[in-house]
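Next up: a single chain in structure tokens, the form predicted on its own.
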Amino acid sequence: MNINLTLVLQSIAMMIFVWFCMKFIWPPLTRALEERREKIAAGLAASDEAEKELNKARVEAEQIIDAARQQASGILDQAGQRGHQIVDQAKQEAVHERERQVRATEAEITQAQNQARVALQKETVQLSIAGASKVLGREVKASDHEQLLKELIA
């Protein structure tokens, strides 16, 4: 065979092969590459959106945490105030109870004093009557009088 004819036939075969590839193989490859490019672009866009959402969620979480800290601080302050109120109330109740007990004790002491006075008055009356009967029963002498007083005192 002739070299020129071989080159021409190979060129024609090559052109047919190139046309066949461009007509039937190249478009599906191009579409596949384009779909892949779109998927990658969509993935990157979703990634950017997710990152924005994550940052937004972090900001919201920080705000919620700050609000919770403030609320916890407020609750602790209220608990401290309530504790002080309870202590103050207990002190006041203790003071009132002490005053009530003091009044009750003073009343008991006054009652005991009154009973002692009454008993002392009764005893004094009995001693006076006993002394008068002894005095009237005998002659009164100074020495006898002193002796009677000593006996009465004893």
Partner chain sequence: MSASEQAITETSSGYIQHHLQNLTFGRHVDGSWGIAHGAEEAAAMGFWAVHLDTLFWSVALGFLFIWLFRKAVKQSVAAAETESAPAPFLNAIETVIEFIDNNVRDVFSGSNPLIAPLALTVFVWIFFMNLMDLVPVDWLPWLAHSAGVEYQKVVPTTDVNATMGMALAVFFMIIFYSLKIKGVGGFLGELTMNPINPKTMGMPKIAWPFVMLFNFMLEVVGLLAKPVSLGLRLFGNMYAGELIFILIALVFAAGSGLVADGLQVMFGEHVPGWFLLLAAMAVAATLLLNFSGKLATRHTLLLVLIEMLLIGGLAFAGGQLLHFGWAVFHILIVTLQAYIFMMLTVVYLSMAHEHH
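Since this is a predicted model, take the numbers as computed values, not measurements. Positions refer to the first chain, counted from 1.
One more form of this protein exists, namely the form predicted together with its partner chain; it is left out here, but the text below deals with it.
Student: With its partner chain left out here, work out from 113-121, 23-31, 84-92, 60-68 which stretch has heavy atoms within 4.5 Å of it in the model of the complex.
Tutor: In the other structure, the partner sits against 23-31.
Student: Heavy atoms within 4.5 Å of its partner chain in the model of the complex: does Q147 have any?
Tutor: Q147 lies outside the contact set for its partner chain.
Student: Consider K56 of the chain shown here, and say whether it contacts its partner chain in the model of the complex, taking contact as heavy atoms within 4.5 Å.
Tutor: K56: no contact with its partner chain in the model of the complex.
Student: Answer with yes or no whether R98 is in contact with its partner chain in the model of the complex, where contact means some heavy atom within 4.5 Å.
Tutor: Output for R98 is no: heavy atoms all beyond 4.5 Å of its partner chain.
Student: So in the model of the complex, is its partner chain close enough to K52 to count as touching (4.5 Å, heavy atoms)?
Tutor: So K52 does not count as contacting its partner chain.
Student: Within 4.5 Å of its partner chain in the model of the complex, which residues of 8-41 have a heavy atom? Give them in sequence order, or say none.
Tutor: Result: V8, L9, Q10, S11, A13, M14, M15, F17, V18, F20, C21, M22, F24, I25, W26, P28, L29, T30, A32, L33, R36, R37, K39.
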